[in-house]
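This document opens with one chain alone, in structure tokens, the form predicted on its own.
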Amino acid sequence: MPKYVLVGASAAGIGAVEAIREIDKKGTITIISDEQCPQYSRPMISDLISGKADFGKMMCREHEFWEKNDVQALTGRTAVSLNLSEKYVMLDKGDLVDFEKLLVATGGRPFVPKIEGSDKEGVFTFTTLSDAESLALKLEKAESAVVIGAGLIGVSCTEALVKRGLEVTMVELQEKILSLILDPTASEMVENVIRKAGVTIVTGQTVKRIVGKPENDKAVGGAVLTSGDQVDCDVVIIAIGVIPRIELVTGTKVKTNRGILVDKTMRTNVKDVYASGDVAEAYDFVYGENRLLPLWPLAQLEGKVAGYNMAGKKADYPGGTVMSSLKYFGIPVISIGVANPKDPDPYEILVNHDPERSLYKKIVLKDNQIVGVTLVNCIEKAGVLFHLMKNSVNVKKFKQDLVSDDFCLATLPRSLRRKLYPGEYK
């Protein structure tokens, strides 16, 4: 019987394997992944599409990673059900994998709304290597594309398509692009840059029907918007977002909300069963509650914490928050925490907007502590701001300095610098 079984072998699974092997050199580990080669960087999928990176550059661990860590890798296999009382996972061909400790790190799957014609050849999602490889092959003969969704995935995909020389129309249901992480001002700044790159952006609408080509109705020929307008295209990419893959624990005693609920050790409510990564609702230190935080670095850290605890070393997850660092179409943007509060109360918002230099700084405070940061074209001081935020520093005495052009580590009170960076300021 494998001592440790990990369902999912991406960021969280990799983090868990490394943590387990740090503590337990001999305990048997089995990973189960429906991908043949799961140890690649998902954030680099757009680079593969654009031609900026090949598969070798996407690898975040070497091919021998599983062998070097003495892991039985069941790749290309799907976990279909879970029996908690008898402690086994059933796989797609009916075979059973017993476990002593289990980590569910199944990640997320693309959200695909019901769209008439979505089964036509030339409709893709954009979250796995197989998606990217199929899309890249199709793009060799494509000239135009419609991207449904203008969040992080949609914008990333759009940039990759533009680099491939395609004419792209991006369609977003909300009135602004990147609306989950940027306020209207920052969104407009990014939108203007994307439009200058030749992209057509349609907001406040979505695609209601995908139509075929006149000569081949089974292949994508266009997308009909809710307005009734049709955008001719060869490819449609659905990039709306991802949904946690909680199916494995559905119907079991494992508690779920939108994702699997875990404590700070990444354990579920069931003994010996842990969850990490995009499938788990982990602690958000800004909101003070568990939330879905689908971010690669956080997934790896969560997996590491789970691995330590599974192997017997006590470890607590310190918490994360929404953190988006992007540089699409040449414009650097960072958004952290409550960057775009829908209701100003109880927040205090500090802004420095310089349209002539295309600079935008926004700090969101609550009880004189930083809970949100937005930086456009001026990201150099993001590390200092995040440090203040993560350590819940009261910034009342110097809060106006936070959005000044001169703000930097040296402008902080010396006593605070010593506290935040004890190794550098004695």
Partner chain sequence: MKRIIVKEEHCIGCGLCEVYCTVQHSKSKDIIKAYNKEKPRPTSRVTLEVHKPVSFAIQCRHCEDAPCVTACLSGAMKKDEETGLVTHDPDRCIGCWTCIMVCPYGAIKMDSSGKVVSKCDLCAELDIPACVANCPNDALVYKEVKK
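Bear in mind that the values here come from a model prediction, so they are computed numbers and not experimental data. Numbering follows the first chain given and starts at 1.
The same protein also exists as the form predicted together with its partner chain; that form is not shown, yet it is the one meant from here on.
In the model of the complex, does Gly251 have a heavy atom within 4.5 Å of its partner chain?
-> It does not: once its partner chain is placed as it appears in the model of the complex, Gly251 has no heavy atom within 4.5 Å of it.
Partner proximity in the model of the complex: Asp70 to its partner chain, non-hydrogen atom cutoff 4.5 Å = No, no contact at 4.5 Å.
Its partner chain contact in the model of the complex: Val384, any heavy atom under 4.5 Å = Flag for Val384 set to yes.
Is Thr268 close to its partner chain in the model of the complex, meaning a heavy atom pair under 4.5 Å apart or at it?
-> No, Thr268 is distant from the partner.
Honest question, do Arg109, Val112 and Phe124 all end up within 4.5 Å of its partner chain in the model of the complex by heavy atom distance?
-> Answer is no for this spot.
Pro332, Gly241, Gly319, Pro341 - the one with a heavy atom within 4.5 Å of its partner chain in the model of the complex = Contact check passes for Pro332.
Go through 254 to 262, 299 to 307, 98 to 106, 73 to 81 and give me the stretch that gets within 4.5 Å of its partner chain in the model of the complex, heavy atoms only.
-> Selected range: 299 to 307.
Considering only 37 to 65, what residues come within 4.5 Å of its partner chain in the model of the complex, judged by heavy atoms?
-> Sequence-ordered list: Ser41, Pro43, Met44, Asp47, Lys52, Gly56, Lys57, Met59, Cys60, Arg61.
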